[in-house]
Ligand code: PFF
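In structure tokens, the next block holds one chain alone, the form predicted on its own.
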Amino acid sequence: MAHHDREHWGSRLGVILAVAGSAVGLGNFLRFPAKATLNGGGAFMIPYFVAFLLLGIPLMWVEWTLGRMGGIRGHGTAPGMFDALDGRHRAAKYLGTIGVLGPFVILIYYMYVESWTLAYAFFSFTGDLFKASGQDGMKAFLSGYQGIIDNEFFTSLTPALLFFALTFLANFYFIYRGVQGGIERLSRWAMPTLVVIAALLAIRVLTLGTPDANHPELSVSNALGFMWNPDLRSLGNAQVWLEAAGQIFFTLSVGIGVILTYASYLKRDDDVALSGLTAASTNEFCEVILGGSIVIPAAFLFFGAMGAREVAASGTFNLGFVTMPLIFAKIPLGALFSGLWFLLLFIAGITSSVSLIQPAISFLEDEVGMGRKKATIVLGVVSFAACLPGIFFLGHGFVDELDFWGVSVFLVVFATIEVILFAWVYGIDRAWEDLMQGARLRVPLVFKHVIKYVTPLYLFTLLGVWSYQQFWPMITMKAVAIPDRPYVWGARALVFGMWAIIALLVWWTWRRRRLEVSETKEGGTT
């Protein structure tokens, strides 16, 4: 039972924008274009949309439906929801702890990366960023800011800590204001602003013409062709299909636990079928149309096909914080467009990071029984302390290890657990009725069978192939330098220590409830 009057969204548009804001993040504008370019260009979109139809949309509907069901019963996170679905097995609520842990693990490094975008927006608008020239200069600027090395740009971590503190406070301010007054209000202004800025940047890139008269082949049409013309030979590569499925997970925020929590603030007859599909479609527009029209086309225009592939392979950080400033430095009003680029990333980041905070807040409110103010303060203190190792040990693989557990492991495992509970334990017939309750969209009946059979099979295949290829090498630290291994062990200790604390809180909460029920029965008998 809920320990307080649970909040609700102020409007249907508000929840759609909030869920879309959770999904639209740094990956839409950095990870997607890089993955598409490196995995066959337009051919990547074939497995991408297959995964969207058979994995992303079914899981999205599962999570919206589970979330609304849980909210009706007073639960905003997976432990309570899974227990309500399957009260016969005590393990269900402990499996649900992944839905609280996963978002928190991602949060404690995501906010730091998000703070870089705020800093770079400031450095762009002031012109300080362009004191660095060339690729080596931009890399040195980033490394100096991160505190990995001292150089002529930065001699301490003070600027990074300052912008992190500002980002941290902004996130928890919106969380403190609540679902309607904080998250929904943020999403209502942030999402339209994000779309406008992304559209302006895309238009600017697509109207660049041919920057180098000596190379007329470096044109906008050829840039779009480079991005979208399919190399169908890549479809025979299993890795392309894995990358596409991974991008769908990453971009839609399914399998994390965030949508469960957001949907728990819906009312009993609020639509989930059309609302969920609308939120997912909004994310796809931002990723495929806007995200696919900025970074790689710009890189092609200035560096050519080979250079664009090198840019895509350089990694998310180099792509966003090294290559893009170099491109903006070559065009008129480059500082302005660079500032808008990083402002775009910051807005995309903060709408995602507040969603990563909310599951833990909801858990403390609904299950532990804390008020909003106390839960925000407690989680704020814990989060700030947990973020510090990632800041100070960034160069030693600490953040990479957190990302491995938060994104690569927990995300797919949790998605598999929830779809099995939803379709097989709770029962697909009852689950389908719940999905259709209040629906403003008649979902094709074929998705009933997709959710029960195809999506679980897809997930088990992903887990099997991924485990064979990546899990054991990561666990044994084959690619980790020996001096960095203590830091990696520290990251693992942080992850599993937090998991133990969440599991202990679940045990204590359910034990307390059993005692309360027992005392009530005894009191009624006497």
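Only a predicted model underlies this, so the values are computations on that prediction, with no experimental measurement involved. In case it trips you up, residue 1 is the first one in the sequence shown, and so on.
Beyond the structure shown, there is the form predicted in complex with the named molecule, which is absent from this document and is the topic of what follows.
Please identify, from 463 to 471, 39 to 47, 25 to 33, 64 to 72, the stretch that has a heavy atom within 4.5 Å of the named molecule in the predicted bound form. Only one stretch passes the 4.5 Å heavy-atom test: 25 to 33.
Using the partner position in the predicted bound form, report whether residue 253 sits within 4.5 Å of the named molecule, counting heavy atoms only. Heavy-atom contact with the named molecule at 4.5 Å: present for residue 253.
Contact flag, residue 358 vs the named molecule in the predicted bound form, heavy atom cut 4.5 Å: No - in the predicted bound form, heavy atoms of residue 358 and the named molecule never come within 4.5 Å of each other.
Contact test in the predicted bound form: residue 120 vs the named molecule, heavy atoms, 4.5 Å: Answer no; every heavy atom of residue 120 is more than 4.5 Å from the named molecule in the predicted bound form.
Partner proximity in the predicted bound form: residue 258 to the named molecule, non-hydrogen atom cutoff 4.5 Å: The answer is yes: residue 258 has a heavy atom within 4.5 Å of the named molecule.
Of the residues 352, 187, 455, 97, which one places a heavy atom within 4.5 Å of the named molecule in the predicted bound form? It is 352 that has a heavy atom within 4.5 Å of the partner.
Counting any non-hydrogen atom inside 4.5 Å, which residue from 341, 265, 116, 110 sits next to the named molecule in the predicted bound form? Contact check passes for 110.
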